[in-house]
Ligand code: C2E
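Just the one chain here, laid out as structure tokens, in the form predicted alone.
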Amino acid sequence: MLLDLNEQPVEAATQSEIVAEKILVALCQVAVLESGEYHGSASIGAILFSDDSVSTDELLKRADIAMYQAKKSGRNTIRFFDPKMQESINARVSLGTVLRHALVRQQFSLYYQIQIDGASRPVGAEALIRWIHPVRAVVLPGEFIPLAEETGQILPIGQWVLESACAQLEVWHHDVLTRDLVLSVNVSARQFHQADFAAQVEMYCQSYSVDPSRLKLEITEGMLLENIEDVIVTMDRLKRIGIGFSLDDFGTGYSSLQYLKLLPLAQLKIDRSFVRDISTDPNDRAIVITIIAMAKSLSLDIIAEGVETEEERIFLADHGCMKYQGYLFSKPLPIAQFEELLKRC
């Protein structure tokens, strides 16, 4: 029995599967006896439950059924009783298998979402990765980035995003329409905490002759929960060459305000979860107003993401937030469509 699993069923099932795989590996070890070597295998059945509405006998019966499903699948595997859960896990495993080859097969692409100032002028864009899956078409990062984190693929993928962004900035530098744009790139915690991360950024900027002030790295509050001193050292090193930092999803994490004033940030980004309800939720309105005031007191730039209505934009402008990103202006676009959008601005 596994306790303290994630409250989300799919995540809890994934955690259970990890434990089950360890058990399978242990049981499949070769046993060397006097009479020779012996190979074992196991079939594991699992069931998720969160209350006592189902009796112990029924739970064991369902786990037993799942175990026989595992045997029918060829043995030495794990199956969940819930067919939908098993289907979801199979899809996740299948996606993870294909993900390992996606970078080599050049299946990733960067999309660009425009960022607008108070005068409706383009000031930059956020580079957002998309996986152009051979069967499923465009796969959004929320579906495959967690898999990449689990498998370690996030490091080569993150490097590809960073290098691709720098290559795009080099192209933009030669066009009067784009040379002044700032390109924001999301950086994962695992990527940022690499010992040579700052050196990687410097190398890409030099390789593509990028003006570092045109590159902005977006970090999250969760990144600040460990090794804050090392985070500050890395940020300081990159800030010295002109790299800007934006604190993404501000207000959704657990960062200390004491640390916030120590970080060499250039910008706070108001999370979309606050923006989408400012017209109906007084608490979200109060939070947004507080974040804007805090940014001003720290002499930080501020931008709101997820702006979808003119009402939201007006509220933000009235309270001092003069940069926006969201579907009111444009969804993320492939580079050709993004540059066409710039021509119309």
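These numbers were taken from a predicted model, which means no experiment stands behind them. Note that residue numbering begins at 1 and tracks the sequence as displayed.
Omitted from view is the form predicted in complex with the ligand, to which the following refers.
Student: In the model of the complex, does D249 come within 4.5 Å of the ligand, counting heavy atoms only?
Tutor: Although the ligand is absent here, D249 would touch it in the model of the complex, with heavy atoms inside 4.5 Å.
Student: Would you check, heavy atoms only and a 4.5 Å threshold, whether A266 touches the ligand in the model of the complex?
Tutor: No, A266 stays farther than 4.5 Å from the ligand in the model of the complex.
Student: Look up in the model of the complex whether V307 has a non-hydrogen atom within 4.5 angstroms of the ligand, and give yes or no.
Tutor: The answer is yes: V307 has a heavy atom within 4.5 Å of the ligand.
Student: Is I154 near the ligand? Define near as a heavy atom within 4.5 Å, in the model of the complex.
Tutor: Result yes; I154 sits at the interface with the ligand in the model of the complex.
Student: G124, H174 and S213: each with a heavy atom within 4.5 Å of the ligand in the model of the complex?
Tutor: No: no residue has a heavy atom within 4.5 Å of the partner.
Student: Check each of V161, V182, L217, V231 and return the one that places a heavy atom within 4.5 angstroms of the ligand in the model of the complex.
Tutor: Among V161, V182, L217, V231, a heavy atom within 4.5 Å of the ligand in the model of the complex occurs only for V161.
Student: Among L103, A199, V93, L140, which has at least one heavy atom within 4.5 Å of the ligand in the model of the complex?
Tutor: If I apply the 4.5 Å criterion carefully, the residue I get is L140.
Student: Among 231-239, 116-124, 67-75, 183-191, which stretch sits within 4.5 Å of the ligand in the model of the complex, heavy atoms only?
Tutor: Going by heavy atoms within 4.5 Å, the stretch is 183-191.
Student: So which bits of 267-285 sit within 4.5 Å of the ligand in the model of the complex, heavy atoms only?
Tutor: Residue within 4.5 Å: R272 only.
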